[in-house]
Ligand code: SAM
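In structure tokens, one chain follows: the form predicted alone.
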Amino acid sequence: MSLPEAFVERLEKIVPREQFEAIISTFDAPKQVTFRVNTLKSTPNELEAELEAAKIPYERVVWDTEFMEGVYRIAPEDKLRLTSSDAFYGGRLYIQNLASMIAPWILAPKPEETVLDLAAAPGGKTLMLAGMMENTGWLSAVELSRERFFRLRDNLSSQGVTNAHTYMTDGRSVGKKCPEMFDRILLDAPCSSEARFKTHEPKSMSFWTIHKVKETSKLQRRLLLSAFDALKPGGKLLYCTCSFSPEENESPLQHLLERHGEHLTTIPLTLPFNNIQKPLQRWGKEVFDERIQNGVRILPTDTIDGFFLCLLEKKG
């Protein structure tokens, strides 16, 4: 199956022209499987010893040593061996795309802080936040969908998280219920999941329409406003999606800055790889606030999904 024609036409206007063909090709082939050590239950050295004993071939993902340790990749055909391993069943490793790992690292929660994951299921980022917090402080994980909520709760329990408090509630209401309560907030917003399209999995793109993109944008705007209300002065908010569409990335941020821009700054992001692009300056008739330029759009490769991130700080 091919990608939706309207999606391809839009993508060509979003990503750098000289990289368009290479980006399109990443939707066709199965990606390498990436995973990381669960620091609540193991260490990189211990996990590597387990993988070697189980004869699972792995490769370290080596970026800047200060960036992230205990991250690995394997070939797609080795995934079944990994998911059959004791380390997997014991929760000592967690399979997760590299783009998703980057979000908690950028937010950088510290032990004893109050942290909110505003759209938390299935819980991979929540788990990583808990590990960075060393299972201390207060970690609120919010999920509206009943099915996804219980999956989130089971996931955190099996992975050894003890500092998380889970809430089945609408993230749009959290700001009013918990005004200025959190030091750091992660909003990996519900989106059209364009970066996860796979031509060999037609279901991955069967629900996509431009109308859905625009409807999702309205939800994202409401969630961002809620996150702003819940953030302490001096606190940091990371907004991210696995979509390419400006309606889901630059546009919700523009909406937030138009309402609360005098209380917000954006923080420049530096990532340890080159497959990145600055946010767009305009889309259609919409011209975006120059502060959004501090965000970043990750361009997909055979190892990493596309992703959009922007880090904001509430003025103290």
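Residue indices: 1-based, along the sequence shown. If you're wondering where the values come from, they're calculated on a predicted model, not measured in any experiment.
Absent from the display: the form predicted in complex with the ligand. The rest refers to it.
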Checking E134, E180, E113, D170 against the ligand in the model of the complex, the residue with a non-hydrogen atom inside 4.5 angstroms turns out to be D170
From A195, V213, A119, A99: within 4.5 Å of the ligand in the model of the complex by heavy atoms is A119
Three-residue site G123, V142 and L219 fully in contact with the ligand in the model of the complex at 4.5 Å by heavy atom:
yes
Only one of 170 to 178, 78 to 86, 200 to 208, 228 to 236 sits within 4.5 Å of the ligand in the model of the complex by heavy atom distance, namely 170 to 178
Contact of R153 with the ligand in the model of the complex (heavy atom, 4.5 Å)
no
message = Although the partner isn't part of this model, could you tell me whether R73 comes within 4.5 Å of the ligand in the model of the complex, counting any heavy atom of the residue?
response = no
Item to complete: Using the partner position in the model of the complex, report whether G160 sits within 4.5 Å of the ligand, counting heavy atoms only.
Response: no
Is P190 one of the residues lying within 4.5 Å of the ligand in the model of the complex, judged by heavy atom distances?
yes
